[in-house]
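Shown below, as structure tokens, is a lone chain in the form predicted alone; questions about how it binds or moves come after it.
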């Protein structure tokens, strides 16, 4: 594009926000710090892990001897099902507070303590997708739950204190701020253009292929045109689907395939257990029809040059707008060239 060698800003169509891109700062061959492969090994079962089968959790409960996935209500949940009603007399138009009832669950992906999604295998990963669908359906059907956020924080740098493969689900009464922005943008695009925003965007990406990392029969994995984090990606269903419940069995397995393959590429990038925050954005669970919604997965990884050099959102990014030097096109090219055989498993 015309701005490939010059600073420019790109519009995030899903949020309406801008990101500054400064590609002229990387006019040189890739010279990232070279690190030795991360060969740290973990046991298949850790007696000190509060997520492993048969172990006691921090809240005192003992985990069952599970074999597939295992879900439980977080022992120290950020949300509680009961909240006192708002007191209209206690606030004003400046100091506004509202109750936010909800629940938080933990989803263990596997009994194996030593396996991440990258090494889980498609069969096990498909079981995780199935469990996500069950939880989204059950929690979303509860009275007073308007949104179900499925996510995973991987790695200590992302605040994850336990390496056992797991994610979380937070179900809230209201639609949170970021999915709310995406809801408004997708709704407006459908009203203005008569077409789904992400269906239209994905057609363009599949035609250009410059930011496409890989695809399978049901999903495309790409670096968004407006990506903020260095190796940020999205997983998008090729068919229009408002939520994960719209997937049939073949699509669920294809999503598992896409996640495993992307996670392997991430690990191979710097030969380390690659940290990220991942989340699924999909239609609210308020019982209304949301034809504008096209569900998708966001991956936000912080690493920039090596397993020990990460991107910090500070200074200009915190006070003005996000900024990046590595273009989304260059990031996609780096990810495309990587092997889908995990570095710990050999060629």
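Being a predicted model, the structure only gives us computed values, none of them experimental. Residue numbers count along the first chain shown, from 1.
The form predicted together with a small molecule exists for this protein as well; it is not shown, and the discussion that follows is about that form.
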Listed residue (269, 190, 160, 120) with a non-hydrogen atom within 4.5 angstroms of the small molecule in the predicted complex: 160
Contact assignment for the small molecule in the predicted complex, among 138, 114, 100, 75, heavy atom within 4.5 Å: 75
In the predicted complex, residue 57 touching the small molecule (heavy atom, 4.5 Å): yes
is_contact(residue 70, the small molecule) in the predicted complex, heavy atom dist at most 4.5 Å: no
Partner contact for residue 220 in the predicted complex: the small molecule, 4.5 angstroms, heavy atom: no
Partner proximity in the predicted complex: residue 197 to the small molecule, non-hydrogen atom cutoff 4.5 Å: no
Segment assignment from 49 to 57, 296 to 304, 312 to 320, 279 to 287: heavy atom within 4.5 Å of the small molecule in the predicted complex: 49 to 57
